[in-house]
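Next up is one chain by itself, shown in structure tokens, the form predicted on its own.
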């Protein structure tokens, strides 16, 4: 073959290569990749992309597209500026078509401003602040219509579920320990997403039944989300005589909290949100001192919220040797939701895909996902609410919902067990 023939073949190869590239959807997976919250975002997205690609890719009009994931480490735990810069670099240099992920609300606020500037669809899977969507999508639709949230539920909805969990524990203290007005301490990390939970919790705990729980709030403590020692806060809580600690912790501080609480045998039962306690590595991370800690979670071993729950957990554990936290199930669902929307739209035109996303009705591992008018995931029975889980007997087990009576129906799942007070709390307070 002569030089001209060889050149023609190379040109054909390049053209073919260009055609293959044009049939690839590049999705930026955004998160703090040095932390479990980002790592699980990547894992969940990877699992979904692998499933879709194995099935032949995403059908859009007459063409099929393969999904290529771009890992975007935002360093958002420590720098909002780094996070915004990472997203802009992903859009301009790495040329991603869509964005999925985000964890720290303050950083997601900045990252989604960048996404709006470039008219890129950004599906949030880890940040809870109500204001990421409310007040933006509804008030300035043309700028922010590209933003959606799959998980978690927004802060005000997380407050509803986590307060239902707290109600279970307050009732256990009241009934099992004979304390008519339990004392509750609030321990919440210093972060914007936690502020509405703190305000709502304080008001609801103190209000008399049936509007509230009829408890006494002994104080509120706000450590850093990255604190490595919460001994001062815990000793102050013990001095205040609390029987319950309502936790609002999404960052790494969750581990030192569990370790210090167990080491000091603080006679107050923790319940609320502790993202670190959602992991199967929880007991190892806390030197086995985190037993009896209870937290909101999106999944629990052996509890089938939908027909997709157990297959997702099993596949995730087989692939990554870890139990998935909410950012994993969120990213997994987001990739599938995006793929289905692209197929319904029949085009990659961003406005058409936005309209298709708005019509989403997807049942994933954690429940049914339907977006409201602000593009937020709908909370409630029949949609997504989460689960209450507790570490008992060396394993994570669900304790809520169990005969939850709401909107004229009873919600319960097989495998949900009664909540158990820590034995040293019982010993300290039984009357």
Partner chain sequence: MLAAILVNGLVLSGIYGMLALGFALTYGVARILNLAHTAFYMAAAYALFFFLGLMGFAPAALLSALLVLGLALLAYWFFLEPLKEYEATVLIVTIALALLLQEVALLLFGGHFRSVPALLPGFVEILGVRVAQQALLALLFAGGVLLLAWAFLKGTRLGLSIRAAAQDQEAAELLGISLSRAGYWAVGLGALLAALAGLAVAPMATLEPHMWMPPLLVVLAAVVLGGLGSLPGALLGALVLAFAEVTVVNLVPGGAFLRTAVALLILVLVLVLRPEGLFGASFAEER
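These figures come from a predicted structure and were not determined experimentally. Positions refer to the first chain, counted from 1.
Although not depicted, the form predicted in complex with the partner chain is the subject of the following passage.
You can rule out all but one of 205-213, 89-97, 116-124, 221-229: in the model of the complex, only 221-229 has residues with a heavy atom within 4.5 Å of the partner chain. Proximity of residue 361 to the partner chain in the model of the complex falls outside the 4.5 Å heavy atom cutoff. Contact annotation for residue 233: at least one heavy atom lies within 4.5 Å of the partner chain in the model of the complex. Contact annotation for residue 39: at least one heavy atom lies within 4.5 Å of the partner chain in the model of the complex. The partner chain in the model of the complex is approached by residue 190, whose closest heavy atom lies within 4.5 angstroms of it. Contact with the partner chain in the model of the complex, judged by any heavy atom within 4.5 Å, is made by just one of 182, 256, 290, 196: 256. For the residues 301, 131, 346, 267, the 4.5 Å heavy atom test against the partner chain in the model of the complex is passed only by 267. Along 72-99, one residue reaches a heavy atom to within 4.5 Å of the partner chain in the model of the complex: 78.
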